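First, one chain by itself: the form predicted on its own, in structure tokens.
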Amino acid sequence: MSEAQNLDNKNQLDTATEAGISRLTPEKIKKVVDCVIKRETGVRFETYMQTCIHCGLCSEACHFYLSHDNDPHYSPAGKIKQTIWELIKRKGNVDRDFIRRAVRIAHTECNLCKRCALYCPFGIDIAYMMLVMRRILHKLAVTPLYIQDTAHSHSVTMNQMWVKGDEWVDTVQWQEEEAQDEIYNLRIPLEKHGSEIMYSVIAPEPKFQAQLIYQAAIIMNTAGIDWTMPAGVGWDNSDMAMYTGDNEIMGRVKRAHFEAASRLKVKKIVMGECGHAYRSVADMGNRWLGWSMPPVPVVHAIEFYYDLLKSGKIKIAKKYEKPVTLHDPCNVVRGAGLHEKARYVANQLCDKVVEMIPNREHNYCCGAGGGVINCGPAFKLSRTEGNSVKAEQLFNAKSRGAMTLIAPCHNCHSGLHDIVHHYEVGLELKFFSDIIYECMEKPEDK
């Protein structure tokens, strides 16, 4: 294949996006840009636009930049300059080729991980700027096919994976029956009003990882937690519409989640090990609905496990023996400051924790979050090759003895799985719940 053909293939997007681009007119592009910028942004957006001096100090914060030989096109400032900054500069007068490049950059070359904001001398939130760009692309109907299909699933079924209502309940009851082989009187209470906790998961759990519901049931019952789960809509806390710029669907999904908690009259929501879902419930979806804070307190799994171990409600029978290294998910570390609680949990569970370098809020993104992995197989190779710096970080941890990689987030788990296999790193992947279930004391009377 010639170099020209290679370049042409790289610039092509999936068929649905290309079809959407083919229908664009200069008038439509300008109308949508004007609508979003004038009606949906304000002082925050204007301040960022006027403050950024394109100094490039954010560059080395970005795994795409570091993994592409420091190509300035992949720097956070460079990506902003090629998309939203140029769009505003031209007052929306851009062509289809510009939109095609903007789709690729905004959806597949930026994880919205906010690491760059730590290094910007002005604290500019480039993830927010990219979300404005994605909002424009959404309203132009050029969102990549796979993630748009996920947003459609949210719209139709109020969950991410097209799980039907009876399938959700059947899966929960199936896991309850399985767990009763360990604890004979175990229940997964559905629709129990007035409980302390509503436990919520993301849709890939009943679809592909039902064992995580099993593990949660064992942990909850052993710890004596007063808990419940919704039988109807609101059980899924995930939200890919947040990453497509479809704020209307994001709002519907989050309202259903909060309404389920309110209907069940619980005191708080405990979420499973997912970063983007926490971001959508505790930071973005609530704000779109008009609440500066969630109307029902929200606790991520890391904080929940911390409280269980700290209070002694969960006791460890024998620590996990293989040396582990801990990945810091962007949305619950940079986004929620749970890095020290994650380390407390890891050290309570494991004999040896090998820190990644760098770590905590400076840890590199998994390369999958921000909706990038949800753009589908067409972009898998560019995603993994765009994060060779994470592979180097994992090899470094392995060279210092790590054998298991803990990733307390579903998208991180999937993204790191791809990196581990692509680069043949040779680390075993675990959730915190995997290790808690393996190492905790369980009731003797089965």
Partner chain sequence: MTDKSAWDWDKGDKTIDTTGWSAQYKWVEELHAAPDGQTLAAVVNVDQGEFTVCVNATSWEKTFDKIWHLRFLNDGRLTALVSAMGQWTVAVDGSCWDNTFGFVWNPLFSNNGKHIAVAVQRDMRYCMALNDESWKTDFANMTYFALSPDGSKTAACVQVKDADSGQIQKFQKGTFTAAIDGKPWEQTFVNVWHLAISPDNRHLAAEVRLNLYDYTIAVDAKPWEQIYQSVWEPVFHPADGSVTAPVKSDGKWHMARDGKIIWNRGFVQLWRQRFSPDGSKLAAIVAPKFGRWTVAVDQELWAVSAKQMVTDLAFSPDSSKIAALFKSGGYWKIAVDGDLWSRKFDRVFTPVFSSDGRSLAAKVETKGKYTLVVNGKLWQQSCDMIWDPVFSPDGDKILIRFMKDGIYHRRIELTSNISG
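Positions refer to the first chain, counted from 1. In this text, all values refer to a predicted model and were calculated from it rather than measured experimentally.
The following text describes the form predicted in complex with the partner chain, which does not appear among the structures shown.
This chain is displayed without the partner chain, yet in the model of the complex the stretch 257-265 from 314-322, 345-353, 257-265, 368-376 comes within 4.5 Å of it by heavy atoms. For the residues 195, 221, 363, 108, the 4.5 Å heavy atom test against the partner chain in the model of the complex is passed only by 195. Contact annotation: of the candidates 90, 152, 96, 310, the single residue with a non-hydrogen atom within 4.5 angstroms of the partner chain in the model of the complex is 152. With a 4.5 Å cutoff on heavy atoms, residue 184 counts as touching the partner chain in the model of the complex. Although the partner is absent here, residue 141 is a contact residue: one of its heavy atoms lies within 4.5 angstroms of the partner chain in the model of the complex. Proximity of residue 280 to the partner chain in the model of the complex: non-hydrogen atoms within 4.5 Å are absent; the residue sits far from the partner. The shortest heavy atom separation between residue 16 and the partner chain in the model of the complex is within 4.5 Å. For the partner-free chain shown, 288, 289, 290, 291, 292, 295, 296, 297 of 288-316 come within 4.5 angstroms of the partner chain in the model of the complex, judged by any non-hydrogen atom.
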